[in-house]
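First structure 1, then structure 2: two forms of the same chain, each alone, as structure tokens.
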Structure 1
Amino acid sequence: MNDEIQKILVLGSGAIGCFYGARLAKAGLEVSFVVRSDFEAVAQGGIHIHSYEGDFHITPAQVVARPEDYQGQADLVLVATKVLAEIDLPGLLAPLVHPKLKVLLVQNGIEIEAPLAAAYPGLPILSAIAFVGVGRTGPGQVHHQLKGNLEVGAYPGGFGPELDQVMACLLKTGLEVKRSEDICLSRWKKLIWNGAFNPVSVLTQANTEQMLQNPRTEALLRKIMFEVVALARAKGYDLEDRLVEQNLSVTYKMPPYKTSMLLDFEAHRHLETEAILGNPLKIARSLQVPVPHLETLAALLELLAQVKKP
């Protein structure tokens, strides 16, 4: 029996979904996309990736407006939707689930896998963290500025044949793909950066370089990061203090970069505040861990969303 992944459906065709889906299609896999706002453009013209590594274009195997319109059975559904309260991911996946299906979540935040695992107890769920700088510049158009690395693990942890199959599939893209034994721990590590830079970038309208060039803002980012580390430790994940300086050092070396949350704000799209701040705050309250900086960021972003509704 051949368990090799050959047919992939991308659910969530924004910058992340289009970029990784296009790289998989370029590698020779059969990749289809669920597309909403850009449906006509992608159906007629495909997806264009404008990259510092070289531009390319792909024609999807299928372009559908709804998951239930997909013809056949996908071996893998790559989920790259935003983590928003109004998106019912278990419901979206319902028409696609079959005994051999695997799901890969390429999304931000912590504890995002739990609702799907509860809805489909036997479904193999793989979870991935993307280290990439991409932005949607137009219908079916993506600008790739930075990296493309992925860290992938089985949820809730460990290794298994499904992870091997997904890793083999992703490695065909030529991107750097790292295997995580504990993807939940990896997500907490990523939150050190996301929990600081994403909210602050929206509230200041600044890119990474501008945030770091201001001494007071740089100090604020550091304090937010240490709050995330402290919260992770209270939850049972032993993060080291050095990760804060490591994240700052890496960001100093990056070219000036607008965060995904700032790009969403500028495009009048809903922000992933719940995944990046909401879930950590629920954990902080349940464990009675003080996180005043995260609370402040969440309050300001909530007010901003009310004042400037998408």
Structure 2
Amino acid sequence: MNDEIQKILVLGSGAIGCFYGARLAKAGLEVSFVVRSDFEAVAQGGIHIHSYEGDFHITPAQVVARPEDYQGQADLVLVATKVLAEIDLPGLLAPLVHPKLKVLLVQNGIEIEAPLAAAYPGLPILSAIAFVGVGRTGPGQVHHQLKGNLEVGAYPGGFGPELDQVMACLLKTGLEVKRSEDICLSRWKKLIWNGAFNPVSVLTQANTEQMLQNPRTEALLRKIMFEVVALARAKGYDLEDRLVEQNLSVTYKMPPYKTSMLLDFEAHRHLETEAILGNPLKIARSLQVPVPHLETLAALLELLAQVKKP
């Protein structure tokens, strides 16, 4: 089993990176972290997970401030940074790339794999969507409230040995991990909800219930979702119209809920506008698909984030 994943380097020490990294460490893997702003705290105190399933603490194999400081070769780099225009992921990965490296992106949005694929043509890229309720409560401190399911696929699609290896590694955590044959399609499906509820929640400062109870806003959410569906179809992903009603009805059944983007906004953190809206808009432009609602949201959100920047 030469190709078994043993050494993992986690990039990004937000809630997602800390949570999955800690679960992998707890499962016996050798997990290290690249930690920027929280370096001192994590280097000294490790990572604490306060979970509804029981609290635990892990001590990383290595804690480094920059990827180039990592000692040895990682089998897998787990990328859990935000998707922001100012983060140069190919550049960050440069010191870590070797012939047997695999990269797993646990991030939001669509087409987020493209820059990496373009920079490193032979690099196996795995891509995952996280269904989890976690929040950062302090440096290296995470509150885990809900699930931890992952949907994982190979980029740009299909199956292969690298996907099997990463699946095997992730399954050691005991979390539910689903294999996706077309993770890009899954990302588009998730964008139906994210592209509508996330931006609208920030611009209106409303929770899901407030958004759905206002008839004008509910109609707007529906229109945004249909734009995403139409855009995905133009791009060749066969999303069905009924997904719109499905997403709405699921949300109607949820307790009132603040989106992650609204939480980021309220905490003056960066918003993932580009992954959620910017990339779809680029595709819309190149395919000449009209997306006036998405376009309006993107312009408003970008300026609001600029004006409110601390």
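Only the largest set of C-alpha atoms that superpose within 1.5 Å between the two forms is called the rigid core. Since the model is a prediction, treat every value here as computed from it, not as a measurement. Along the sequence of structure 1, residues get numbers from 1 upward.
Between structures 1 and 2, only structure 2 derives from the form predicted in complex with another copy of the chain. Superposition of the core reveals a Cα shift of less than 2 Å for Glu40 between the two structures.
Superposed on the core, the two forms differ at Lys223: its CA moves 2 Å or more between the two structures. With the core held fixed, Lys258 shows a CA shift of 2 Å or greater between the two structures. Relative to the superposed core, Val291 has its Cα moved 2.4 Å between the two structures.
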